[in-house]
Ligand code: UD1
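Below sits a lone chain in C-alpha coordinates, taken as the form predicted alone.
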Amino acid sequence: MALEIIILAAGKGKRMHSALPKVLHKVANKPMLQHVIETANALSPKSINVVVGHMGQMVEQMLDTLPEDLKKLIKVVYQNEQLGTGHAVNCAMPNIDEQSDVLVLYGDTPLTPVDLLKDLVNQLGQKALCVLSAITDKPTGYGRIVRNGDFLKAIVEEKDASAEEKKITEINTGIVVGKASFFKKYLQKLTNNNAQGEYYLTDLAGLIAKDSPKDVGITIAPDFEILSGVNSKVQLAFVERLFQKRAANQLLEQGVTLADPNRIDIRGNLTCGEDVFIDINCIFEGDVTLGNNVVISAGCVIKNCSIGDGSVISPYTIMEDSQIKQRATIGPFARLRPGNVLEDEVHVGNFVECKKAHLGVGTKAGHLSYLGDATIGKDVNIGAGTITCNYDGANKFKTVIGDDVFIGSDSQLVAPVTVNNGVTIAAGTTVTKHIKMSDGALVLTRSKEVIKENYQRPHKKK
(Lines give C-alpha, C1' and ligand atoms only; values in the text may rest on other atoms or scores of the structure.)
Protein backbone atom coordinates (compact mmCIF):
# COMPACT_ATOMS: atom_id res chain seq x y z
CA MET A 1 0.00 0.00 0.00
CA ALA A 2 1.38 3.41 -0.99
CA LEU A 3 1.91 5.91 1.82
CA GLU A 4 1.13 9.60 1.34
CA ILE A 5 1.97 12.15 4.02
CA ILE A 6 0.25 15.39 4.97
CA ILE A 7 2.23 17.91 7.03
CA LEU A 8 0.19 20.69 8.64
CA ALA A 9 2.19 23.92 8.51
CA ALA A 10 -0.40 26.68 8.15
CA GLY A 11 -0.44 28.12 11.66
CA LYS A 12 0.65 31.65 12.45
CA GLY A 13 2.10 30.90 15.87
CA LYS A 14 1.01 34.05 17.70
CA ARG A 15 2.78 32.99 20.89
CA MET A 16 6.12 33.02 19.07
CA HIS A 17 5.87 36.84 18.91
CA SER A 18 7.69 36.83 15.59
CA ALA A 19 7.17 37.91 11.98
CA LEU A 20 8.49 34.49 10.92
CA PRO A 21 6.00 31.66 10.33
CA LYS A 22 6.14 29.27 13.27
CA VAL A 23 7.34 26.27 11.27
CA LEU A 24 10.36 28.21 9.98
CA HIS A 25 11.81 28.75 13.43
CA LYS A 26 14.95 26.66 13.73
CA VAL A 27 16.02 23.71 15.82
CA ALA A 28 19.72 22.86 15.46
CA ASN A 29 19.94 25.65 12.87
CA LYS A 30 17.37 23.98 10.61
CA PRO A 31 13.72 25.02 10.15
CA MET A 32 11.37 22.80 12.14
CA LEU A 33 9.41 22.04 8.97
CA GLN A 34 12.56 20.77 7.27
CA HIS A 35 13.17 18.34 10.15
CA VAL A 36 9.63 16.99 9.69
CA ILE A 37 10.01 16.72 5.90
CA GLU A 38 13.27 14.78 6.26
CA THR A 39 11.60 12.45 8.74
CA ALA A 40 8.69 11.99 6.35
CA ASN A 41 11.08 11.24 3.50
CA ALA A 42 12.68 8.45 5.54
CA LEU A 43 9.32 6.61 5.31
CA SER A 44 9.62 6.38 1.49
CA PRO A 45 6.28 8.06 0.77
CA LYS A 46 4.60 8.47 -2.59
CA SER A 47 4.08 12.17 -1.84
CA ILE A 48 4.52 14.77 0.90
CA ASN A 49 1.72 17.35 1.01
CA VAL A 50 2.60 20.49 2.96
CA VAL A 51 -0.43 22.53 3.98
CA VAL A 52 0.51 26.21 4.30
CA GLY A 53 -1.46 29.30 5.18
CA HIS A 54 -0.02 32.20 7.16
CA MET A 55 2.83 33.71 5.11
CA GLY A 56 2.71 30.66 2.87
CA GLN A 57 4.98 32.25 0.27
CA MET A 58 7.78 32.47 2.81
CA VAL A 59 7.31 28.79 3.62
CA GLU A 60 7.41 27.99 -0.10
CA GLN A 61 10.71 29.88 -0.40
CA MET A 62 12.20 27.64 2.26
CA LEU A 63 10.87 24.54 0.51
CA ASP A 64 12.56 25.72 -2.68
CA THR A 65 15.96 25.50 -0.95
CA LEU A 66 15.58 21.78 -0.23
CA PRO A 67 17.45 19.12 -2.23
CA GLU A 68 15.89 18.17 -5.56
CA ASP A 69 14.95 14.65 -4.44
CA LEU A 70 12.81 16.15 -1.67
CA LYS A 71 11.28 18.88 -3.81
CA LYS A 72 10.04 16.27 -6.30
CA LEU A 73 7.94 14.67 -3.55
CA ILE A 74 6.45 17.87 -2.14
CA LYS A 75 3.08 19.29 -3.08
CA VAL A 76 2.14 22.63 -1.54
CA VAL A 77 -1.49 23.07 -0.51
CA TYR A 78 -2.95 26.39 0.64
CA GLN A 79 -5.40 26.58 3.51
CA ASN A 80 -6.67 30.07 2.84
CA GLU A 81 -8.81 30.14 5.96
CA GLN A 82 -7.53 28.60 9.18
CA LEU A 83 -10.64 26.64 10.14
CA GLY A 84 -8.94 23.87 12.10
CA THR A 85 -6.82 20.76 11.62
CA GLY A 86 -9.66 18.75 10.06
CA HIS A 87 -10.21 21.47 7.48
CA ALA A 88 -6.44 21.62 6.79
CA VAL A 89 -6.25 17.89 6.08
CA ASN A 90 -9.34 18.09 3.91
CA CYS A 91 -7.64 20.78 1.80
CA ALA A 92 -4.94 18.24 0.89
CA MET A 93 -7.22 15.29 0.19
CA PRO A 94 -7.78 16.07 -3.53
CA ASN A 95 -4.06 15.27 -4.00
CA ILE A 96 -4.34 11.89 -2.28
CA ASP A 97 -4.99 8.62 -4.09
CA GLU A 98 -8.10 6.79 -2.86
CA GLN A 99 -6.05 3.59 -2.37
CA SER A 100 -3.25 5.15 -0.30
CA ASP A 101 -2.58 5.16 3.41
CA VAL A 102 -2.38 8.70 4.82
CA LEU A 103 -0.09 9.82 7.64
CA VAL A 104 -0.70 13.24 9.22
CA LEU A 105 2.30 15.04 10.76
CA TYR A 106 2.86 18.54 12.11
CA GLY A 107 5.41 21.12 11.03
CA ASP A 108 6.00 22.25 14.60
CA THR A 109 6.91 18.79 15.96
CA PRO A 110 10.47 18.38 14.68
CA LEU A 111 11.82 15.53 16.79
CA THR A 112 9.34 12.73 16.01
CA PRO A 113 11.45 9.56 15.61
CA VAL A 114 11.30 7.75 12.28
CA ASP A 115 11.14 4.32 13.94
CA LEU A 116 8.07 5.34 15.94
CA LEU A 117 6.28 6.43 12.77
CA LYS A 118 7.24 3.22 10.99
CA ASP A 119 5.71 1.20 13.81
CA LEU A 120 2.55 3.30 13.70
CA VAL A 121 2.18 2.83 9.94
CA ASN A 122 2.83 -0.92 10.24
CA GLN A 123 0.18 -1.28 12.94
CA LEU A 124 -2.51 0.23 10.74
CA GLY A 125 -2.94 -3.04 8.88
CA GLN A 126 -6.57 -3.36 7.84
CA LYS A 127 -7.86 -0.79 10.34
CA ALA A 128 -9.42 2.44 9.18
CA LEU A 129 -7.34 4.62 11.49
CA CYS A 130 -4.52 4.36 14.02
CA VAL A 131 -3.94 7.11 16.58
CA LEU A 132 -0.62 7.86 18.30
CA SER A 133 -1.14 8.64 22.00
CA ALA A 134 1.21 9.19 24.93
CA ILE A 135 1.09 9.10 28.73
CA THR A 136 2.05 12.20 30.70
CA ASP A 137 1.56 13.48 34.23
CA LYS A 138 1.13 16.98 32.78
CA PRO A 139 -1.71 16.59 30.26
CA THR A 140 -2.88 20.22 30.41
CA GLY A 141 -3.32 21.68 26.95
CA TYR A 142 -3.64 18.36 25.14
CA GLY A 143 -6.63 16.43 23.85
CA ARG A 144 -7.53 13.45 26.03
CA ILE A 145 -7.93 9.88 24.83
CA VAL A 146 -11.31 8.68 26.11
CA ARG A 147 -11.53 4.88 26.03
CA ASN A 148 -14.31 2.37 26.19
CA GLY A 149 -12.40 -0.59 27.56
CA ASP A 150 -9.55 -1.31 25.13
CA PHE A 151 -11.19 0.68 22.36
CA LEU A 152 -11.07 4.38 21.63
CA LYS A 153 -14.34 6.15 22.23
CA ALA A 154 -13.35 9.74 21.45
CA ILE A 155 -10.59 12.32 21.55
CA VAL A 156 -11.70 15.36 23.54
CA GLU A 157 -9.85 18.66 23.27
CA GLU A 158 -8.86 20.41 26.51
CA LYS A 159 -11.32 23.28 26.05
CA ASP A 160 -14.19 20.87 25.49
CA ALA A 161 -13.25 18.36 28.20
CA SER A 162 -15.26 17.84 31.36
CA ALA A 163 -13.63 17.98 34.77
CA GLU A 164 -13.49 14.18 34.83
CA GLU A 165 -12.01 13.96 31.32
CA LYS A 166 -9.30 16.47 32.25
CA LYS A 167 -8.00 13.93 34.80
CA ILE A 168 -7.11 11.51 31.99
CA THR A 169 -3.33 11.24 31.52
CA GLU A 170 -3.39 9.55 28.09
CA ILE A 171 -3.19 12.37 25.60
CA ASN A 172 -3.44 12.75 21.83
CA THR A 173 -0.19 13.58 20.01
CA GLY A 174 -2.14 14.60 16.91
CA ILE A 175 -0.32 12.12 14.69
CA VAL A 176 -2.64 9.67 12.91
CA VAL A 177 -2.44 7.25 10.02
CA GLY A 178 -5.42 5.90 8.14
CA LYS A 179 -6.94 4.75 4.90
CA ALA A 180 -7.49 7.55 2.41
CA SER A 181 -10.99 6.28 1.68
CA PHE A 182 -11.99 6.67 5.33
CA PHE A 183 -10.40 10.12 5.53
CA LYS A 184 -12.38 11.28 2.50
CA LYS A 185 -15.62 9.84 3.83
CA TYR A 186 -15.46 11.01 7.44
CA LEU A 187 -13.83 14.41 6.94
CA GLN A 188 -17.08 15.46 5.30
CA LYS A 189 -18.93 14.66 8.52
CA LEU A 190 -16.87 16.93 10.78
CA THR A 191 -18.66 19.84 12.44
CA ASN A 192 -17.31 22.93 14.19
CA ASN A 193 -19.67 22.69 17.14
CA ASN A 194 -16.98 23.14 19.80
CA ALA A 195 -15.33 25.79 21.98
CA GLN A 196 -12.96 26.88 19.21
CA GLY A 197 -15.47 26.87 16.40
CA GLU A 198 -13.05 24.76 14.33
CA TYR A 199 -13.14 21.49 12.40
CA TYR A 200 -11.01 19.18 14.56
CA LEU A 201 -9.09 16.32 12.99
CA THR A 202 -9.35 14.67 16.42
CA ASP A 203 -13.10 14.23 15.89
CA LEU A 204 -12.35 11.90 12.97
CA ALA A 205 -11.34 9.08 15.33
CA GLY A 206 -14.53 9.42 17.35
CA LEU A 207 -16.75 9.37 14.27
CA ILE A 208 -15.12 6.21 12.91
CA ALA A 209 -15.10 4.57 16.37
CA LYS A 210 -18.82 5.29 16.77
CA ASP A 211 -19.53 3.30 13.62
CA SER A 212 -16.92 0.58 14.19
CA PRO A 213 -14.76 0.67 17.36
CA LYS A 214 -12.51 -2.13 16.16
CA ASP A 215 -11.50 -0.06 13.12
CA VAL A 216 -9.62 2.48 15.27
CA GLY A 217 -6.29 1.44 16.79
CA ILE A 218 -4.24 3.23 19.46
CA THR A 219 -0.46 3.11 19.72
CA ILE A 220 1.08 4.55 22.90
CA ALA A 221 4.40 6.32 22.30
CA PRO A 222 7.13 5.32 24.79
CA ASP A 223 8.44 8.88 25.16
CA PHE A 224 6.12 11.87 25.26
CA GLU A 225 8.81 14.58 25.50
CA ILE A 226 10.29 13.78 22.10
CA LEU A 227 6.88 14.45 20.51
CA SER A 228 6.68 17.95 21.98
CA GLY A 229 5.18 20.56 19.68
CA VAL A 230 6.41 24.14 19.62
CA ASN A 231 4.06 27.05 20.21
CA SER A 232 6.33 29.52 22.01
CA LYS A 233 9.99 30.48 22.32
CA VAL A 234 10.05 28.70 25.68
CA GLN A 235 8.97 25.47 23.99
CA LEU A 236 11.40 26.10 21.12
CA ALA A 237 14.29 26.31 23.58
CA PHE A 238 13.05 23.14 25.32
CA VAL A 239 12.96 21.21 22.04
CA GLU A 240 16.40 22.53 21.08
CA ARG A 241 17.86 21.12 24.30
CA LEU A 242 16.06 17.81 23.73
CA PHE A 243 17.63 17.61 20.28
CA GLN A 244 21.09 18.41 21.61
CA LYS A 245 20.73 15.96 24.50
CA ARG A 246 19.79 13.21 22.07
CA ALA A 247 22.73 14.09 19.78
CA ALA A 248 25.17 14.16 22.71
CA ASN A 249 23.96 10.77 23.94
CA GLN A 250 24.50 9.29 20.49
CA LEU A 251 28.10 10.55 20.51
CA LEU A 252 28.68 9.10 23.96
CA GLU A 253 27.28 5.74 22.84
CA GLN A 254 29.75 5.84 19.92
CA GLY A 255 32.68 6.32 22.30
CA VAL A 256 33.25 10.07 22.04
CA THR A 257 34.34 11.73 25.29
CA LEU A 258 32.40 14.90 26.03
CA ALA A 259 33.58 17.17 28.84
CA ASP A 260 29.92 18.09 29.48
CA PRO A 261 27.12 16.57 27.36
CA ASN A 262 24.93 19.55 28.24
CA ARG A 263 27.34 22.02 26.64
CA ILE A 264 27.70 20.97 23.02
CA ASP A 265 25.67 22.05 20.00
CA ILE A 266 25.44 19.97 16.85
CA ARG A 267 23.78 21.76 13.97
CA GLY A 268 24.39 19.29 11.19
CA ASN A 269 26.19 15.94 10.92
CA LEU A 270 29.17 15.16 13.15
CA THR A 271 31.13 11.97 12.45
CA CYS A 272 33.85 10.95 14.91
CA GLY A 273 36.60 8.34 14.98
CA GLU A 274 37.93 6.60 18.08
CA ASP A 275 39.14 8.37 21.22
CA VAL A 276 37.87 11.82 20.28
CA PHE A 277 37.64 14.41 23.05
CA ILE A 278 35.33 17.44 22.82
CA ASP A 279 35.51 20.14 25.47
CA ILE A 280 32.69 22.45 26.54
CA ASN A 281 30.74 25.00 24.47
CA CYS A 282 31.76 23.74 21.03
CA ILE A 283 29.48 24.21 18.02
CA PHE A 284 29.52 21.93 14.97
CA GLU A 285 27.66 23.01 11.84
CA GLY A 286 27.11 21.37 8.46
CA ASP A 287 29.14 18.21 7.80
CA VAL A 288 32.09 17.76 10.15
CA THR A 289 34.36 14.71 10.32
CA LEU A 290 36.84 14.12 13.14
CA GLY A 291 39.46 11.39 12.83
CA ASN A 292 40.91 9.23 15.60
CA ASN A 293 42.46 10.85 18.69
CA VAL A 294 41.29 14.34 17.76
CA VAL A 295 41.00 16.94 20.53
CA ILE A 296 38.56 19.83 20.18
CA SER A 297 39.13 22.34 22.95
CA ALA A 298 36.65 24.70 24.56
CA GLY A 299 34.64 27.22 22.60
CA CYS A 300 35.50 26.11 19.06
CA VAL A 301 33.10 26.69 16.15
CA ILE A 302 33.62 24.22 13.30
CA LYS A 303 31.59 24.18 10.08
CA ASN A 304 31.95 21.82 7.10
CA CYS A 305 35.46 20.66 7.97
CA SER A 306 37.40 17.41 8.12
CA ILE A 307 40.09 17.05 10.78
CA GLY A 308 42.61 14.23 10.57
CA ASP A 309 43.94 11.78 13.14
CA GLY A 310 45.83 13.16 16.12
CA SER A 311 45.05 16.81 15.44
CA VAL A 312 44.50 19.25 18.30
CA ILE A 313 42.24 22.27 17.92
CA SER A 314 42.96 24.71 20.74
CA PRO A 315 40.32 26.92 22.39
CA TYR A 316 38.16 29.45 20.57
CA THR A 317 39.22 28.50 17.06
CA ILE A 318 36.75 29.19 14.26
CA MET A 319 37.02 27.20 11.04
CA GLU A 320 34.86 26.74 7.98
CA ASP A 321 35.04 24.67 4.76
CA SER A 322 38.59 23.54 5.44
CA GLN A 323 40.53 20.28 5.37
CA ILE A 324 42.97 19.65 8.19
CA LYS A 325 45.08 16.53 7.86
CA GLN A 326 46.92 14.49 10.50
CA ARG A 327 48.64 15.74 13.66
CA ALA A 328 47.94 19.40 12.97
CA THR A 329 47.75 21.92 15.80
CA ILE A 330 45.40 24.86 15.33
CA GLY A 331 44.79 27.83 17.61
CA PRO A 332 43.99 29.12 20.14
CA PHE A 333 42.00 31.96 18.59
CA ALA A 334 42.82 30.95 15.01
CA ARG A 335 40.42 31.59 12.16
CA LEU A 336 40.20 29.40 9.08
CA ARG A 337 37.92 30.90 6.46
CA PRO A 338 36.73 28.73 3.53
CA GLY A 339 39.02 26.93 1.14
CA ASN A 340 42.02 25.85 3.24
CA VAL A 341 44.00 22.62 3.05
CA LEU A 342 46.46 22.06 5.89
CA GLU A 343 48.75 19.08 5.41
CA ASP A 344 50.17 16.82 8.15
CA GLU A 345 51.83 18.44 11.18
CA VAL A 346 50.95 22.00 10.21
CA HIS A 347 50.76 24.52 13.03
CA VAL A 348 48.49 27.55 12.78
CA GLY A 349 48.71 29.51 16.01
CA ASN A 350 46.88 32.23 17.85
CA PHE A 351 45.35 35.06 15.86
CA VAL A 352 46.38 33.58 12.52
CA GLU A 353 43.81 33.86 9.74
CA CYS A 354 43.86 31.63 6.64
CA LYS A 355 41.68 31.84 3.54
CA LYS A 356 42.11 29.66 0.44
CA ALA A 357 45.55 28.69 1.73
CA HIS A 358 47.36 25.39 1.17
CA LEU A 359 50.01 24.83 3.83
CA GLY A 360 52.51 22.03 3.25
CA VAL A 361 53.71 19.34 5.65
CA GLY A 362 55.31 20.75 8.81
CA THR A 363 54.73 24.40 7.97
CA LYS A 364 54.23 26.72 10.94
CA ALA A 365 52.52 30.08 11.32
CA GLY A 366 52.76 30.76 15.03
CA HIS A 367 50.83 33.96 15.53
CA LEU A 368 49.39 37.22 14.24
CA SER A 369 49.48 36.50 10.49
CA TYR A 370 47.15 36.58 7.49
CA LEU A 371 47.59 33.94 4.79
CA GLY A 372 45.12 34.38 1.94
CA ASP A 373 45.11 32.95 -1.59
CA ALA A 374 48.43 31.28 -0.88
CA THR A 375 50.17 28.02 -1.73
CA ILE A 376 52.90 27.38 0.81
CA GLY A 377 55.35 24.47 0.69
CA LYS A 378 56.58 22.16 3.41
CA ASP A 379 58.66 23.11 6.47
CA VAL A 380 58.07 26.83 6.01
CA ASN A 381 58.32 29.23 8.95
CA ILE A 382 55.87 32.12 8.85
CA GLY A 383 57.00 34.82 11.27
CA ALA A 384 54.63 36.85 13.42
CA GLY A 385 52.85 39.65 11.60
CA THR A 386 53.38 38.19 8.11
CA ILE A 387 50.75 39.18 5.56
CA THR A 388 50.08 37.93 2.06
CA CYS A 389 48.75 41.08 0.41
CA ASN A 390 46.31 39.39 -1.94
CA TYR A 391 43.90 42.22 -2.80
CA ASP A 392 44.59 45.39 -4.80
CA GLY A 393 41.15 46.87 -4.21
CA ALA A 394 39.59 45.20 -7.23
CA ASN A 395 41.15 41.76 -7.79
CA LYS A 396 42.62 38.90 -5.76
CA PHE A 397 46.11 37.56 -6.53
CA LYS A 398 48.04 34.52 -5.40
CA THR A 399 51.20 34.08 -3.36
CA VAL A 400 53.34 30.97 -3.93
CA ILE A 401 56.00 30.05 -1.37
CA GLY A 402 58.32 27.08 -1.89
CA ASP A 403 59.66 24.51 0.58
CA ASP A 404 61.93 25.35 3.53
CA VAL A 405 61.39 29.10 3.26
CA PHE A 406 61.98 31.25 6.35
CA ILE A 407 59.87 34.39 6.53
CA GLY A 408 60.82 36.81 9.28
CA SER A 409 58.35 38.74 11.40
CA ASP A 410 56.39 41.70 10.07
CA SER A 411 56.94 40.82 6.41
CA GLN A 412 54.55 41.53 3.56
CA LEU A 413 54.32 39.56 0.34
CA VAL A 414 52.53 41.63 -2.29
CA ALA A 415 50.79 39.23 -4.68
CA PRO A 416 51.18 38.03 -7.33
CA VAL A 417 54.56 36.90 -6.08
CA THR A 418 56.57 33.66 -5.91
CA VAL A 419 59.30 32.80 -3.43
CA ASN A 420 61.45 29.81 -4.39
CA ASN A 421 62.67 26.97 -2.15
CA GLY A 422 65.07 27.71 0.67
CA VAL A 423 64.88 31.50 0.57
CA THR A 424 65.18 33.53 3.76
CA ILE A 425 63.15 36.74 4.03
CA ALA A 426 64.41 39.04 6.75
CA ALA A 427 62.07 40.60 9.29
CA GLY A 428 60.27 43.71 8.13
CA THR A 429 60.77 43.00 4.42
CA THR A 430 58.21 43.88 1.76
CA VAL A 431 58.43 41.47 -1.18
CA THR A 432 57.03 42.86 -4.43
CA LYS A 433 58.95 40.81 -7.02
CA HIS A 434 59.35 37.11 -7.70
CA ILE A 435 62.30 35.60 -5.82
CA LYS A 436 63.65 33.16 -8.41
CA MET A 437 66.87 32.30 -6.58
CA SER A 438 66.78 29.27 -4.32
CA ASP A 439 68.61 27.81 -1.30
CA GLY A 440 70.73 30.37 0.47
CA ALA A 441 69.23 33.58 -0.90
CA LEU A 442 68.50 36.32 1.65
CA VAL A 443 65.93 38.99 0.87
CA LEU A 444 65.72 42.12 2.98
CA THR A 445 64.59 45.70 2.74
CA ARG A 446 65.66 48.32 5.25
CA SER A 447 65.11 52.04 5.51
CA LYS A 448 67.86 54.11 7.10
CA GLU A 449 67.49 54.45 10.84
CA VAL A 450 67.27 58.08 11.97
CA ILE A 451 67.96 59.19 15.55
CA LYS A 452 67.18 62.74 16.69
CA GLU A 453 68.59 63.84 20.03
CA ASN A 454 66.66 66.02 22.47
CA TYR A 455 63.36 65.33 20.71
CA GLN A 456 60.33 66.96 22.28
CA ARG A 457 57.08 65.11 22.09
CA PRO A 458 54.01 67.16 21.15
CA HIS A 459 51.68 68.10 23.99
CA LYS A 460 47.95 68.39 24.02
CA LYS A 461 46.65 71.91 23.63
CA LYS A 462 44.96 73.27 26.74
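In case it trips you up, residue 1 is the first one in the sequence shown, and so on. Since this is a predicted model, take the numbers as computed values, not measurements.
The form predicted together with this ligand exists for this protein as well; it is not shown, and the discussion that follows is about that form.
In the predicted complex, no residue of the candidate spot (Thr257, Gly291 and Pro332) has a heavy atom lying within 4.5 Å of this ligand. Taking the partner from the other structure, this ligand in the predicted complex has no heavy atom within 4.5 Å of any heavy atom of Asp265. Taking the partner from elsewhere, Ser212 is found to have every heavy atom lying beyond 4.5 Å of this ligand in the predicted complex. This ligand is not drawn, but in the predicted complex it has no heavy atom within 4.5 Å of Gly372. Using a 4.5 angstroms limit between non-hydrogen atoms, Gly178 is distant from this ligand in the predicted complex. Only one of 241 to 249, 182 to 190, 358 to 366, 74 to 82 lies within 4.5 Å of this ligand in the predicted complex by heavy atoms, and it is 74 to 82. Checked against this ligand in the predicted complex, the candidates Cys272, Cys282, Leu120, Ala88 yield a single residue with a heavy atom inside 4.5 Å, and that residue is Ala88.
In summary, among the residues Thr386, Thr112, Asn390, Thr202, the only one with a non-hydrogen atom within 4.5 Å of this ligand in the predicted complex is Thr202. In the predicted complex, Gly229 is the single residue of 215 to 229 with at least one heavy atom within 4.5 Å of this ligand.
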